[in-house]
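Starting off, we have a lone chain in the form predicted alone, written out as structure tokens.
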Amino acid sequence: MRIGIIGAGHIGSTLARHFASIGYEVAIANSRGPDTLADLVADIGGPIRAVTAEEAARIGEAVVVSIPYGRYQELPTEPLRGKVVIDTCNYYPGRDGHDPDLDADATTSSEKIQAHTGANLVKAFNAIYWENLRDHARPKGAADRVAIPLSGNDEEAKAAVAGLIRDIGFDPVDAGHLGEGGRKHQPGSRVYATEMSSAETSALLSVA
């Protein structure tokens, strides 16, 4: 499978390492150009290459978006339209600037990114510390396997992302649709920045 990753910060680069380690072809991009990713690509090794954001969007059968929310309008739109996009972004007003729609809770950051890109967007990997994502992958069936909540409106897209979550050593837990479900694992929610099993996560999501 080909995975495009737009954003090479902690979450984006950690996911690149996980996906490349199990043999997925990874095309990773940042805002500064492919040449600035040479050291990261060499360190990860395997089937990974540095590209532009436009190329990552075109190459990936699924595309991870892991950028500051405040820069989402810089995303290439045409190559993401209709594609499975994994949104790891969170809204932090102090970093991103205030968004009146989000401040009023009229919508969610993921819904705005979906509207901008036209993608089959699934919110995932936004509620886990990057160090835990890096260090706490476990084999299937392990008692201490950590849950990753996800939300989205397209069931096939969610199933595809759930499969990727399992592939890299975590348990997916469906939080629901992108709006209602996404609010259940955004910053400030009860499952945000926690490490729990799928049963514990499901229980908290059900009462959120």
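Quick note: we count residues from 1 along the sequence shown, nothing fancier. Everything quoted here is computed from the prediction, not taken from an experiment.
This protein has a second form, the form predicted in complex with a small molecule, left out of what is shown; the following refers to that one.
Residue 7 belongs to the set of residues with a heavy atom inside 4.5 Å of the small molecule in the predicted bound form. Proximity of residue 27 to the small molecule in the predicted bound form: non-hydrogen atoms within 4.5 Å are absent; the residue sits far from the partner. The closest non-hydrogen atom of residue 16 lies beyond 4.5 Å of the small molecule in the predicted bound form. Contact check for residue 67: a heavy atom falls within 4.5 Å of the small molecule in the predicted bound form. The stretch among 98 to 106, 134 to 142, 114 to 122, 84 to 92 whose residues place heavy atoms within 4.5 Å of the small molecule in the predicted bound form is 84 to 92.
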